[in-house]
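Read the single chain below, which is given as structure tokens and is the form predicted on its own.
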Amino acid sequence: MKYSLDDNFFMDYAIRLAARNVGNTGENPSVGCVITSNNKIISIGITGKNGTPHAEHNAINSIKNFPINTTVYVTLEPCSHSGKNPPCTNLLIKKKVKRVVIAQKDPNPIVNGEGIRQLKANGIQVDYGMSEKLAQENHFGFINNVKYKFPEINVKVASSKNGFTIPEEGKKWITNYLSRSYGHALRSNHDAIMVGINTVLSDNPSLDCRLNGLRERSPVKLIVDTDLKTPLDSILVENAKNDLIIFTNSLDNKRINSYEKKGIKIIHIKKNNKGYLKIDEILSFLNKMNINRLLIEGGSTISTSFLKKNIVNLVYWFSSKNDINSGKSLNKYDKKLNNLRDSQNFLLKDSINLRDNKLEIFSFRKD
């Protein structure tokens, strides 16, 4: 299928719309929708917060007088089943749209081409596969959960120029304000954020998004804490609002009850043969929770444990222009993490200047 310049423009717009709500649509993917008539945009829509309403409904329901000769550009195949939301195909058929252009088929077994079939059966022209790779970036976590039963996993690293991930004594941060602001934006477009117990004990983080306008998009907080050492007076525990989960191997019921009284969910996870919690069990739990995008923001220990399994999609590496000269050498986990730059498994996707800091984005080689 050869697409026109107008087709490319409208689908590109739909993809950029979808990017706005990534990490904010619950179990559903963030989908963008653009509706045109006579090659003019008459409405747009994005999947709503926690997945309701769907993008097509948002776009269609904002049109008072629905015109004839309409083309709908949508980044993912319209749903054809009833769940928390009514079928989008029914609405498109009811409005007698002329053409639907779809970037990507929905791999969900309850859709998987059925939406396309229904539209065609009702005389609607359907074209699909346009800008599929670009659209997939917004749907990647959802697709991963459907196909592989675990979410999209991204890692955030902050280091000195010479690769240290722990600040010098007496300093709180390695990177500058711009890097930290970018990091907060990353939190806003992920469903959950994970750290290990060492980060909790050393940094006492809050793990929320503190950018104006995005505070309500703070992710669910996850702590990997084998022996359940998370302090009850830590910021994460004190500020918990049914949004904190601790993965542990501990069976100390008295201590577990202390957390549960504060609304914190404690999930028992088995250990592997090295004494660490089993990552596969954690990921299976997150899949059942419908977590589509996970950001790992812990230290080098937890980051490398995920990286070595080759299940990480992107690495966001923030580095300062300065070396850390504390008289110590890199620990073994920092050494493993720094090997990423020479790894054949990851490609440098982008490099962004943040004044005296640099952000390098590495993507996992999928081919």
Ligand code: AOF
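Keep in mind the model is a prediction, meaning the values are calculated, not measured. All residue numbers refer to positions in the sequence shown, first residue = 1.
Although it is not shown, the form predicted in complex with the ligand is what the next lines describe.
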query: Contact test, all of Leu222, Ile296 and Gly299, partner the ligand in the model of the complex, heavy atom 4.5 Å; finding: no
query: The ligand in the model of the complex: contacting segment from 65 to 73, 34 to 42, 304 to 312, 50 to 58, heavy atom within 4.5 Å; finding: 50 to 58
query: Of Lys96, Arg210, His81, Lys120, the one that lies within 4.5 Å of the ligand in the model of the complex (heavy atoms); finding: His81
query: Option touching the ligand, based on a heavy atom within 4.5 Å in the model of the complex, out of Ser258, Asn85, Ser218, Thr199; finding: Asn85
query: Residue contact check: Ser319 to the ligand in the model of the complex, 4.5 Å heavy atom; finding: no
query: Exercise: Ser131 in contact with the ligand in the model of the complex, heavy atom 4.5 Å; finding: no
query: Phe142 within 4.5 Å of the ligand in the model of the complex, heavy atoms; finding: yes
query: Contact flag, Thr230 vs the ligand in the model of the complex, heavy atom cut 4.5 Å; finding: no
query: The ligand in the model of the complex - contacting residues of 22 to 38, heavy atom within 4.5 Å; finding: Asn28, Pro29, Val31
